[in-house]
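We begin with a single chain expressed as C-alpha cells, specifically the form predicted alone.
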Amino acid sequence: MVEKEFIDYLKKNYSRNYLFFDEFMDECLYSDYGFFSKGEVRSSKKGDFLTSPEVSDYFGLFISNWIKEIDNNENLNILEIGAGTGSLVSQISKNLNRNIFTTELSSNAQKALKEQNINYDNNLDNHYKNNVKIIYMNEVLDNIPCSIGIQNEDKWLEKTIEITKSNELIYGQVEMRKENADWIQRYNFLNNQNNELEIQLNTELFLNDLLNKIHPEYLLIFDYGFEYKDRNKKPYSSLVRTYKEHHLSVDPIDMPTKTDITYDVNFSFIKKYFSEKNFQCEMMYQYEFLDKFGFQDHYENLQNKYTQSNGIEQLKIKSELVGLEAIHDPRGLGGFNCIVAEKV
C-alpha cells in the first residue's frame, strides 16, 4: 500500500502529475521517506539483502591482495564508495593495517558506521585533497537511479509514474528527454531487442564526478549485471526489480519506500565508459577475480583444517567454507561482474 504522506510529499515537490522513473527511484530510496532511511541497515542479516562481505570475511582479503599487488609501497590512499554496514572496509583495513576513507549516502548505514568509529565523507573534493588513488565499490551502481526507455519502432519513449486523482500510482509514457536519447546514441544501444532499456545516465554522471573530482588511478567495481550482447538471454522485458527481507518482492509502484529498487548493471556501458576515459579496463566474473587473488589456496587450507579439527572449531571452519563457496559460486554471487580499471 502506498502511504498518503509519501504521495503528498511527491505532489508538493513535483509540479507535474508524473515522475520520470529515475526521479521516482531516487525518492523511494534516498528521500527522508526512503528505503535506505528507515529501519535496519539494509545490507545485513536483519535487513533485506546480503552482499559478499556479509557472507564471507574473506571477500575483503581478496580485495586486499589486489591492492597489495598494485601498491607495494603502501603509499596510495584508498576510498570505498558506499560502505554500507562497514563490513568490507573493516576487513580490508584489518588485512592491510591501513586507514581507508569511505562514503555512504544511507542515513541508516551512516549511523552504523559511526557506532563502529568508521568515518565517512561524501564530499568528493575532500578525497582529492586526501590524494586518493584507489577506489573500490561493491553493489553500488545498481542503486543509482536509472531512467527507463521504451522503443516504439524508431521512436523512443520514457517510462513515467503517474499520480491519479485517487492518489494511486500507475505507469505512463512520455517523449524521451534529450539527454537520455543522447546516452542511448552515445553507447550504441539503439536496437533495444524488444525490451525496456535501463538508461544509466545518472551512473555516468556519478562516475564523472569520481574521475573529475578525485582523479583515481585504479578502480575496482563489483555488481550484478550483463553485457548488452547477452541481453536477450535474460527472460525478462525489464531488469528492474525489488527486494524485501532477502527475497524478490513486488512491482516498484506497489510498495514505494518499503522495498529496495534495483536493476542489472549494463557492463557494456561501464567498460566503454572507462575505455573512453583512458583507462585500461579488464572485465571478469567475481569468481575469476577471487581465483586470481588467492581463493584456491585459502579454500584448500580451510579444507585441510576442517578435516583435522572437531567440535566447535570444526563447525566454525565449516561456516567459513560455506561462506567462501557462496561468494565464489558462478550461479550466485560469484557470477557477478567485476571491472578492474587502471589509468594509462
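Note that the structure is a prediction, hence the values are computed from the model and not measured. Position 1 is the first residue in the sequence shown; the rest follow in order.
As for the form predicted together with a small molecule, it is not shown, yet the points below apply to it.
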| property | result |
| --- | --- |
| In the predicted bound form, the one of 243, 206, 226, 128 near the small molecule [non-hydrogen atom within 4.5 angstroms] | 206 |
| Interface residue in the predicted bound form among 93, 106, 257, 268, criterion: non-hydrogen atom within 4.5 angstroms of the small molecule | 106 |
| The small molecule contact in the predicted bound form: residue 83, any heavy atom under 4.5 Å | yes |
| 4.5 Å heavy atom contact, residue 36 to the small molecule in the predicted bound form | yes |
| Distance check, residue 54 to the small molecule in the predicted bound form, heavy atom within 4.5 Å | yes |
| Partner proximity in the predicted bound form: residue 151 to the small molecule, non-hydrogen atom cutoff 4.5 Å | no |
| Contact stretch among 171 to 179, 75 to 83, 243 to 251, 212 to 220 - heavy atom within 4.5 Å of the small molecule in the predicted bound form | 75 to 83 |
| Contact at 30, 139 and 143 by the small molecule in the predicted bound form, all three, heavy atom at most 4.5 Å | yes |
